[in-house]
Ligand SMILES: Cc1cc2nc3c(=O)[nH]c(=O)nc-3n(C[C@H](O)[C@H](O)[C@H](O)COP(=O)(O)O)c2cc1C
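As a starting point, one isolated chain is supplied in structure tokens, in the form predicted on its own.
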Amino acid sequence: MTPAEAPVWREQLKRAIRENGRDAHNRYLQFATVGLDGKPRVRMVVFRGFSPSEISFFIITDARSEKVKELAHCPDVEVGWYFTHTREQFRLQCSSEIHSHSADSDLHRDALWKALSDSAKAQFFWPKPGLLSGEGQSLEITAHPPETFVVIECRPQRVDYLLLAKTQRRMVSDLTASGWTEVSVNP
């Protein structure tokens, strides 16, 4: 185990994204949080890209959703991501940070908003998630990101990579004070 600046898992993940890109479902990942009641919560989210430094990645959500409250209580998350074509699984333990409308000039938030389709943007103007159908009020549609649009930045701290192809391999990577350590383990 030798510390590395550019972790192997990141190149494996970028390659898996590229090689599985033809299937839209490979952009979906499982996002697990700790509920306010201490119980696990998992939901599907969409990968929205890496940060410019590639040390983190982004997903988006509605500021009124339960996951935002859960992340304020416990910012630790686990992401599960399976790529069907290459048969690779990534489990990423991450710290998270919420980028909201109150953040000072957040270029990532603005860029992610601009990249959304009109139908994806429309969701952030709907009534509050979780209310009974027909209850709540829609927000006024604006050209700029509304207060309800937040970006969740996930910073991996531990990555468990599993290749399930003919020759199975597994590698566990941990972020330490001196960089990433990576070790091969039995699948």
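Residue positions are given as counts along the sequence shown, with the first one as 1. Because the structure is predicted, anything quoted here is derived from the model rather than measured.
There is another form of this protein, the form predicted in complex with the named molecule, and it is not shown here; the text below is about that form.
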Inset, instruction - Please determine, with the chain shown alone, which of 138 to 146, 156 to 164, 62 to 70, 49 to 57 has non-hydrogen atoms within 4.5 Å of the named molecule in the predicted bound form. - result: 62 to 70
Inset, instruction - Mark R43 yes when one of its heavy atoms lies within 4.5 Å of a heavy atom of the named molecule in the predicted bound form, and no otherwise. - result: yes
Inset, instruction - Give a yes or no for F125: in the predicted bound form, does one of its heavy atoms lie within 4.5 Å of a heavy atom belonging to the named molecule? - result: no
Legend entry - Those residues of 20 to 38 which, in the predicted bound form, come within 4.5 Å of the named molecule by heavy atom: Y28
